[in-house]
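Have a look below at one chain only, the form predicted on its own, in structure tokens format.
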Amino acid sequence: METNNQSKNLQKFIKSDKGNKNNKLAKLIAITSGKGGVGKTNFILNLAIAMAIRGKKILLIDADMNLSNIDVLLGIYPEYTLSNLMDELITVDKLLVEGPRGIKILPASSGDIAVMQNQKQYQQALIQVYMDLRSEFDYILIDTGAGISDYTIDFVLSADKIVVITTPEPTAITDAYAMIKVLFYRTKFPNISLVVNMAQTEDEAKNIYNKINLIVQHFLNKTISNLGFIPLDKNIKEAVNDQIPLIIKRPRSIASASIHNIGISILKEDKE
């Protein structure tokens, strides 16, 4: 009961003033997955850049409390991280790091015991960052932790749009459905889309989407949308090793093209 109340309060807090037409507020997109190792962080970083290339002001929040990866993918060493959110002497602007194409990043910490022991306080501090900055950006993308912890679910459900990442691996598909089931259990109408990463072919990705959506329809009487797929591409590993985003290092690769298409789809949804 306490968790459900916390989630409702969190959503109400974040979405307050959404109906105020005098304020242009950032759309909040949560990128999540049922398990780790599906390429979620790499995807969200490149998606942020793809959207920034199209003239959008993007804030990328690494909300994976103690497993910071976005800064690692970029090869940057931020002076301040999520662990400094509770420091009253640190202003929000000092927490943000500039990334490729002008995106702004709020990096997480790594292995910080204080953060692990005080997740609720840091969660509220993160929400306050969103409240402070949502009028300065077009989109805020949140890279959540993998799995179905209460902390992750609360953050995901606060978003305007939820993107669940899976791969063709059976365990990833099973865990993606588990995440979707929990999200529908916690709220009636979450806006959920699926992205299949590391697919061998477009047909494979479509089959995986159809399989998951059919299960969702059968057991939950709900539906999810297909946001697209990212093909298995050897350039991804090279970009990760070089700590350069794929969309920058290999802009004409097939995976980069797919991420651009996903970004375009999100922007088109908002125009409709």
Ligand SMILES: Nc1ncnc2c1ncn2[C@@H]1O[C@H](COP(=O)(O)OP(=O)(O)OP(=O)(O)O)[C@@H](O)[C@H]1O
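Heads up: residue numbers just count along the shown sequence, starting at 1. Since the structure is predicted, the reported quantities are computational estimates derived from the model, not experimental observations.
FYI, the form predicted in complex with the ligand isn't displayed, but the following is about it.
The ligand is not drawn, but in the predicted complex it has no heavy atom within 4.5 Å of R54.
Heavy atoms of L126 never reach within 4.5 Å of the ligand in the predicted complex, leaving it off the interface. The ligand is not shown here, and in the predicted complex it never comes within 4.5 Å of any heavy atom of L47. None of the heavy atoms of A205 is located within 4.5 Å of the ligand in the predicted complex. Only one listed stretch (194-202, 134-142, 78-86, 152-160) carries heavy atoms within 4.5 Å of the ligand in the predicted complex, and that stretch is 194-202. A single residue from the set V38, I58, A63, I247 has any heavy atom within 4.5 angstroms of the ligand in the predicted complex; that residue is V38.
Along 162-189, no residue reaches a heavy atom to within 4.5 Å of the ligand in the predicted complex.
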